[in-house]
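Take a look at this one chain, the form predicted alone, written out in structure tokens.
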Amino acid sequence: MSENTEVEVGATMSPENLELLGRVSAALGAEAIIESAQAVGDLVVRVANASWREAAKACRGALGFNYLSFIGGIDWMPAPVVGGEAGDTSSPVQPAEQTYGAAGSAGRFQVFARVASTSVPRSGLTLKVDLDEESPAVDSWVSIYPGADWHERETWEMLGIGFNGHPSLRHLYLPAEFEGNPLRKDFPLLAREVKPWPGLVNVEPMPGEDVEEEAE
């Protein structure tokens, strides 16, 4: 879910999502739910960090969501501005202040998970959980949804988010000696240093361009 996800603020939740929220609350206990919201028609529920693994159990069991679509992390920190405000060519322009998506956040880092049922059409639920900024971590879902293995490894590698109880957090893309987490907003990217987002474009001349310029 991106920072630009449409959140239906103040909108009445659909009957289907109200019913699902009631089932989630019954399965987890109301104390485990921090906030909920409807975004682009889907239910988003933020649960307490201590209840994250229990949420997976409830989704796989009582709620009947047997399919894990994804697990990922997000850094809500605004992207650093390099080269002045005029250099931001993204659309819409990136926020200058820390903002949060559906169901809010307590801070900079969160983990998201999307689950669904393979037997019920158009069913699904997005869960999110807050992380400690200094030492972001949450319990692993691998023992409940084995498919979480790859997703958690990628989130650990790219954002530096730990997953307690994961059987083997190891690199997917980066060499073992690589330092830092490339998807954190404060990770220095050479492309942004040379040219602000969306990054360095057409750095080298296309074949034949240098010859044409000399001829002119």
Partner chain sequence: MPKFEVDPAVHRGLADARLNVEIDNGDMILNLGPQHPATHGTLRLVVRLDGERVVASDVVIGYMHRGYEKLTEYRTYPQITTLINRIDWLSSFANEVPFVHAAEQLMGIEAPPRAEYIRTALTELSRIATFLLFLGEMGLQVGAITPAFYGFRDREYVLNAIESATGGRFHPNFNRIGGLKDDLPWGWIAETRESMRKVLKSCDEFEDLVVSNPIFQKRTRGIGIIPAELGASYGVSGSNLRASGVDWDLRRDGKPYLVYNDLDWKVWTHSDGDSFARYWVRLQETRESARMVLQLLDVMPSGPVMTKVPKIIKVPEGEVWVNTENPLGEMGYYVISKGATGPFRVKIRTASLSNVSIAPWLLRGVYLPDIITVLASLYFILGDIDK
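Computed from a prediction, not measured in an experiment: that's the story for all the values here. Residue numbers count along the first chain shown, from 1.
Missing here is the form predicted together with the partner chain; even so, the following discussion is about that form.
- For the chain shown alone, D42 is a contact residue for the partner chain in the predicted complex, at least one non-hydrogen atom being within 4.5 angstroms.
- The partner chain is not drawn, but in the predicted complex it has a heavy atom within 4.5 Å of T126.
- Shown alone here, E154 lies within 4.5 Å of the partner chain in the predicted complex, counting heavy atoms only.
- Among residues of the shown chain, N66 is one whose heavy atoms approach the partner chain to within 4.5 Å in the predicted complex.
- Just one of A26, A62, L174, A50 comes within 4.5 Å of the partner chain in the predicted complex, counting any heavy atom, and that one is L174.
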